[in-house]
Structures are given as C-alpha cells and as structure tokens.
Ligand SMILES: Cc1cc2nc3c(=O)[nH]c(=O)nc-3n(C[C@H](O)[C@H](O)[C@H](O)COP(=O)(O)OP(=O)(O)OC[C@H]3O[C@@H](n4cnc5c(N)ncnc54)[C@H](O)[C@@H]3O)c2cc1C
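The form predicted alone is given below as one chain in structure tokens.
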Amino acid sequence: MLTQQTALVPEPKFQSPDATSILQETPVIWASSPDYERARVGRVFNHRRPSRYPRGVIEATTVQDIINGVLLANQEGIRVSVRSGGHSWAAWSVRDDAILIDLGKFTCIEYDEATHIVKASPSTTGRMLNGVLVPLGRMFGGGHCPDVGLGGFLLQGGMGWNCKNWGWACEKVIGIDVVTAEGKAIHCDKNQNSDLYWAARGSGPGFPAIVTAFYLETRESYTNMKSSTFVYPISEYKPVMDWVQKVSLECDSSIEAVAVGAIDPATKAPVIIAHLVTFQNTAAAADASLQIFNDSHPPNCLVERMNKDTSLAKEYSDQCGANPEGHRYVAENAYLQNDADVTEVLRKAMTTLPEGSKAFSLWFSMNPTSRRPLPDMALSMQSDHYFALYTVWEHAADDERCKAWVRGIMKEVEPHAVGAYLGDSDFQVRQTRFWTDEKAERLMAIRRQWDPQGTVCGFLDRGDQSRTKGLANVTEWQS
C-alpha cells in the first residue's frame, strides 16, 4: 500500500518522442507502482528506513539504461541518485523527487590473466569479486563486510583488508568507466578525463558522475591465513587496549590488528576483544607472524584462540554475524590524533555500549599506511588510529536511545579527532573534515565543472541542501 507521502510523488508526463522511446527501452518503476516500495528501499541494508521518496526507480541492466535514466532526469529537470550495494548507513541513494538508478542487476566481473587487472561493476561485492579471483590465485582487498558493493566502498577510499599495510583500496583503481551528468559514456584514467579519475578515489557520494565499471589491480592471494583472538572481561580494558596498540607497531606487515568493544551474546556482559589476522603462504610463516601477540598478550582471558586457520570466506562469515541483516543501524567514526591517549579517549565508547543492543566499537590500526605520502587523489584524510562505532538494534522504539548514545560518544571523541572517513558518516547529523582543505577545494570545483546543474545527487546533508556547493570540510553538527 502506498503511504500518503509516496502518493504525493508526481509521475512525469513526458511529451517528447525521445522520452517515449527511452521509456519503452528502459522501464521505470514509478511511485504509483505496487513494486515501488521494494524498489525504493528493498536493497537498503539499514532497516532504519529513510522517509525520502524518489520519483521513480530504474533497475539498470545495461549502460544504456543508466544513460537513459540521466537523460530522463535532465528532460524532467530533476536529479539522479545511484545505488551500488545498498550498504550506505545513511541510505544516500534514496533521495526525494529523483530518478534512483539501482545497479543491483547491472553486473560484470572480467579478469585479464595477462595484466592481472579485473573489470568490475559497482554492485559487485567483495565476496563476489574474491569468489572469482581467489581460485585464480589472486585477490582484491575489498570491504570487510562481504555484501558491501565496490561502488560506494571505492569512491569513499576503501578501508579494506589489511589497509594498515597494503594501503587504501582506491589506490588500486587504475581506471573507471562513467556516465556523465549529460548522459555521455566516457573512460577516465590518469591520461584521459584525469580530473574525474582523481575525484573518484576519495570523493565519496559527491562524485559528479555515475561509475559503471572499475578497473582494479589485483594482488597475489595468500594460501595460508591464520588468526589469533583474545576475549577479555571489560575490567581488563586498559591493559588490553594499551597492549594491542603497542604490539601493532611491532608486528610484521602481514597482520591486520583490531580491538573491539562488544557485548557477549551469550552472557550479555561487555567484553574487549583483540583480533589479529595474518596473510601468509605457509603455516609456519603465519604462526611466526602471530607469535608476537601470542607471547605478549595480557593475562585474564575469557577466551583465547591462537593460530587458528581462517580464510576470506570465514572472515566474511564472521563479519555477517557482527553486521546482521534486518536490523537498524547508526554508524559514526573518527581519525584520532596520532598522539592521542587512545585508551582513555575511547574508554566510554568501548565500555558503555547501549544495553540490549548488538552494538560494537572498534579501534583499527592504520600505521604505517597513515605515515606515508598518499598518491595524488581526493582521499587525503587519515591518521594512525581509526575509531568507529556501529550501533545495532532491532526495534524502532530504541531509535532515540541508541542515537543519543552515539551523539554523546562522538561529542566526547571529537575534540581528539583530526577528521573522519566518509563511509561510516552521516552528513545529515555531523559534518567534519573528510579531506585536506586543498583537496576539498579541488574536489568541489571538479563537481561544479562536471555537473554544474547538480544532476547527480551529491552529499546528503540536512535538508539535502549542499547540491553543487558540496561540503564545507569543517566540523559542524547538523542536528
């Protein structure tokens, strides 16, 4: 049944022969369709559904469908929004009075064995991509959550597997195919349309075109992955956090290190977890990499699992458990100052998770990637310490309580932060520095150059007001 709001969304009355031809070639699911609600939010991962209503939805299967969607929007004088994987916490793809181009059915994975380059569509997930690559002896450091689409992940920079050592996933983007705001299909790389290529690596949802394909450098896959996991009562928070930070600087470059504050699902008691994953090619090498953690971990573990065989498939499965479908989410994050007292800054975030929720907070080691010069690209904000919180719950009655907890935590963390990661942000609530000032200014200029009318929906701030202006790159609470 249509709600009162959806019923008010006008269905366009196209008059031109060109529009009629386009509509025959590319069907649009209008607001009056019984399938509209499924098309509007059926692929939105966050079940805290937005009260925003596109004029229509195109479930694209070809590049021509995407071009047609842009042409229709231009003829009607409205905007287009884009959905890749639907995993955006703030549901950036769902915009009022826009044509939503959903790429879920637009699929492509083409691997070139000679160059080790893979061409992939934006809706391709990390699990899908590595499902093709790993049997061929290759891999790509995509998102940790298996159902995250490459589109949003790479545009935001891509904090993927072992990012602290391998660098940002977007650094492996060597080219993109896009449809521009005028409805033209073009290729972009360092030699042609290089400003769009520059922007695609770190612009986030403000990219002023629609990516239809990424060309990605792959890396040799690892035949032996192992993990060590240590679970402690929350009373051991300080020694565990201090230890993980120290040893993450001393271990070798095969190891991804994370500390997580969570609620034990069995006992409902808060715990602090250290999880270390190593990517190696022999069991002996994997054991040797983890030894520094195994030998030095603090006493008083509730659980200790050392040198356990793992794989991308198993890690993806664990991530699914931590990020369950059918739940309501609020995410926030910050890059903490390199010299911050991380243990104390994050104490409340790690130890006071909302009762009854499935929330978790994490600290992710980013050094040494954070200490090296970045390539010339839009992505330009990082630090040694990445902090994110994911507040997960089931019932709408808990919305205000959980949102208030997130806001309270971020108010305390923010004075110790230098900026934030686009992917775990909601510009409707809080804006901050996502780029250096120089890169932010250049990015907003590229937006205006390639999309002067604001046809492609950009950064969804409060009231969706930013349009061609983009974000100000300053810390500012919106609500």
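Residue indices: 1-based, along the sequence shown. Remember, it's a predicted structure, so these values are computed and weren't measured experimentally.
Omitted from view is the form predicted in complex with the ligand, to which the following refers.
**Q** Is there a heavy atom of C145 lying 4.5 Å or less from a heavy atom of the ligand in the predicted complex?
**A** Output for C145 is yes: heavy atoms within 4.5 Å of the ligand.
**Q** Quick one: does F153 come within 4.5 Å of the ligand in the predicted complex, counting heavy atoms only?
**A** Because a heavy atom of F153 falls inside 4.5 Å of the ligand in the predicted complex, the answer is yes.
**Q** Is A209 near the ligand? Define near as a heavy atom within 4.5 Å, in the predicted complex.
**A** Heavy-atom contact with the ligand at 4.5 Å: present for A209.
**Q** Evaluate H87 for contact with the ligand in the predicted complex, applying a 4.5 angstroms cut-off between non-hydrogen atoms, and reply yes or no.
**A** Although the ligand is absent here, H87 would touch it in the predicted complex, with heavy atoms inside 4.5 Å.
**Q** Which among 89 to 97, 247 to 255, 190 to 198, 337 to 345 is in contact with the ligand in the predicted complex, heavy atoms within 4.5 angstroms?
**A** Result of the contact check: 89 to 97.
**Q** Quick one: of I176, A378, M159, A349, which gets a non-hydrogen atom within 4.5 angstroms of the ligand in the predicted complex?
**A** So the residue touching the ligand in the predicted complex, by this definition, is M159.
**Q** To verify the annotation, which of these, A259, A286, A120, V82, has a non-hydrogen atom within 4.5 Å of the ligand in the predicted complex?
**A** It is V82 that has a heavy atom within 4.5 Å of the partner.
**Q** What are the residues of 409 to 434, in order along the chain, with a heavy atom within 4.5 Å of the ligand in the predicted complex?
**A** In sequence order, Y421, G423, D424 come within 4.5 Å of the partner.
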